[in-house]
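Below you'll find only one chain, the form predicted on its own, shown as structure tokens.
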Amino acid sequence: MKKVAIIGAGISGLFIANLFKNNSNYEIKIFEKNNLINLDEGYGIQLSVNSVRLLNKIDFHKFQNDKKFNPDKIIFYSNKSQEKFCDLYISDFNSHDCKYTTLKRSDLVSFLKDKIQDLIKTNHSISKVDQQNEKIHLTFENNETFECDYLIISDGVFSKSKNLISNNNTKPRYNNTLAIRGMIPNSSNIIDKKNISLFFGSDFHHVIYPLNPDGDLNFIAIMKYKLSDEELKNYSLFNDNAFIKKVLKNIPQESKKFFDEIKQLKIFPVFVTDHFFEIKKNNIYSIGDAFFAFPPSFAQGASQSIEGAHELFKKIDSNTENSFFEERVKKIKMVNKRSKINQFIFHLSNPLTIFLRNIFLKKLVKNKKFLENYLGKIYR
């Protein structure tokens, strides 16, 4: 029986642990640096059909219907005029049992965690990774050690594990954007509660989408915002009320009506990865944001974490894991490119380019060949 150590109890780590658990050839253990897995925050995520199909392998199709939603389309709005100018039917990519899904991240994490609760060790922050022959030796800050045959790194964009292996040569870059997140309660009547609403603006866009049939809504905005090196080092800055007020002053006037409705508002700096780092040591792999972090403007963060985890599991189980890195890089390059294109298009400010963009989008959302190439290659 092979021993598998997973560093990080996020979506990718928990999902791959579920896959290994169903295979008697492996003994797994998840190590999480925090003292608990936070299930309090109700911020949303979007799951395209590529990830729902994979989640169904661990019974996601049985997940409570009152805790998820299947939007039919994305409605595009001009932030300035607040007028709708076209629809994109994401349901065209659905199958009978795999549908584009929105839900709270905490609910998905809870679903994944409940199946493997006994395999998670909290308060375990990695401090050293050694490899001798085919065995990998892990040392944690609490002086505990663990020996394994495979090490899977899934501890996020600021992966400590990957930094230990790379000698701190894999630091992410601030993307000059802030993410503003929050919840809009079901009592609000300011927006469509059945679909995803995407508002384009100058150096700013925001998305509102349903989280459940009750009408609770997730709010996420991406704003261009420069931060100094000192500000980026100040981890408490993003909880500072004065800083939050300063940021919110930059919100376009047309969007401020939404902010009166938002609960649990938080601001996060967006970090991305510039280069792919291939781990040369045997039987050590990274997945999720630890593998590569791209801008959030294509809503593929969770889906690619799930997809990458499934790919790695299949490769390890079939003893073909040497091809994992190259194949994952190919897919992530596609997602990263589309994420950058989306953010650029969403944030246009010149009236002429905005006018032309809107004309082209009205045509493109009806062009099946384009949609199959731009979305289908990712969603499937």
Ligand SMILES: Cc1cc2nc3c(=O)[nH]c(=O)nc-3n(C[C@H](O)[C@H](O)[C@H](O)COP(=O)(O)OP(=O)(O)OC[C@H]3O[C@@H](n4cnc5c(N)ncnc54)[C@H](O)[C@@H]3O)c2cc1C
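Numbers follow the displayed sequence, beginning with 1. Model, not experiment: these values are computed from the prediction.
From this point on, the text means the form predicted in complex with this ligand, which you will not see here.
Proximity to this ligand in the predicted bound form holds for none of M183, K249 and K266, with the criterion being a heavy atom within 4.5 Å. Contact check for I165: every heavy atom lies farther than 4.5 Å from this ligand in the predicted bound form. Looking at L88, you'd find every heavy atom of it more than 4.5 angstroms from this ligand in the predicted bound form. N79 falls outside the set of residues with a heavy atom inside 4.5 Å of this ligand in the predicted bound form. This ligand in the predicted bound form is not approached by K67, whose heavy atoms all lie more than 4.5 angstroms from it.
Think of it this way: in the predicted bound form, this ligand has a heavy atom of just one of I28, I332, L55, I45 within 4.5 Å, and the residue is I45. In summary, among the residues L211, L198, I116, A299, the only one with a non-hydrogen atom within 4.5 Å of this ligand in the predicted bound form is A299.
Exactly one of the stretches 153-161, 67-75, 231-239, 90-98 approaches this ligand in the predicted bound form with heavy atoms within 4.5 Å, and it is 153-161.
Residues of 4-21 lying near this ligand in the predicted bound form, listed in sequence order, are I7, G8, A9, G10, I11, S12, G13, the criterion being any heavy atom within 4.5 Å.
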